[in-house]
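Shown next as structure tokens: one chain only, the form predicted alone.
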Amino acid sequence: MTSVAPSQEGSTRSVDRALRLLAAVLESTTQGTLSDLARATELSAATASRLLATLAQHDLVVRGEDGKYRSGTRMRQLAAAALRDNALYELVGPHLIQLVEETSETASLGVPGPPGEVLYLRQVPSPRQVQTAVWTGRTIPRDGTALGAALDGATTPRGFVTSQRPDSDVTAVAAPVLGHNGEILGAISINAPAYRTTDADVERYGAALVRHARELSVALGAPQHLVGPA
């Protein structure tokens, strides 16, 4: 068994802590202050301050005049570079805009996230005053959600799936998007407040999602026999 030198252990621990701090800043699960970030990552304020200063030197984070840490320019450049490699992310933008125009509800792209989760990769919000939250960059459980079911290929014969979690007042409808090998690359969805979503709305949203998912799948080179007729 290969032993790890104390200095290497210290370096690894520092990297781990810095990455946890960076994730806490980017995920916006705290108020973004030093004390909040230290508490969220279970670090002392002194350790968190030192590591955040190092991240700031590389422009991965920046501290605003209000004392809150946010993503730095270099972090945004890296994120943009990573997204450019995702063909689905590039193609889905106009489709999400059109879905919002057709439904007046929030349209989203979900992709596989960490095990058991779905990552909201891109969203266009509803223009209505009352709308569902925009969750770009966040994850939701794969089990029991429309996006999760669509990613698992568990759709109805009509090509879409609907869900309304017991702990949520949101109705979600989703359809999978296929790649050139027929694999499911992601899923697009409509999220709407349940109180204003009728069964007729669900059918209309589902039909629109299937149509846009088919167009996206064709653009990504999915086999015609899997995509179905136009």
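Under this definition, the rigid core comprises the largest set of C-alpha atoms superposing within 1.5 Å between the forms. Owing to the predicted nature of the structure, the values given are computational and were not obtained by experimental measurement. A residue's number is simply how far along the shown sequence it sits, counting from 1.
Same protein, other form: the form predicted in complex with the DNA, not shown, and the subject of what follows.
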| property | result |
| --- | --- |
| Interface stretch in the model of the complex with the DNA - options 201-209, 168-176, 39-47, 185-193, non-hydrogen atom within 4.5 Å | 39-47 |
| Non-hydrogen atom contact residue 56 with the DNA in the model of the complex at 4.5 angstroms | no |
| Proximity of residue 17 to the DNA in the model of the complex, heavy atoms at 4.5 Å | yes |
| Interface membership of residue 26, the DNA in the model of the complex, 4.5 Å heavy atom rule | no |
| Any non-hydrogen atom of residue 62 within 4.5 angstroms of the DNA in the model of the complex | no |
| CA of residue 198, rigid core aligned, shift of 2 Å or more between the shown form and the other one | no |
| Threshold 2 Å Cα movement between the shown form and the other one at residue 211, rigid core reference | no |
| Yes/no, residue 51 Cα shift of 2 Å or more between the shown form and the other one with rigid core fixed | yes |
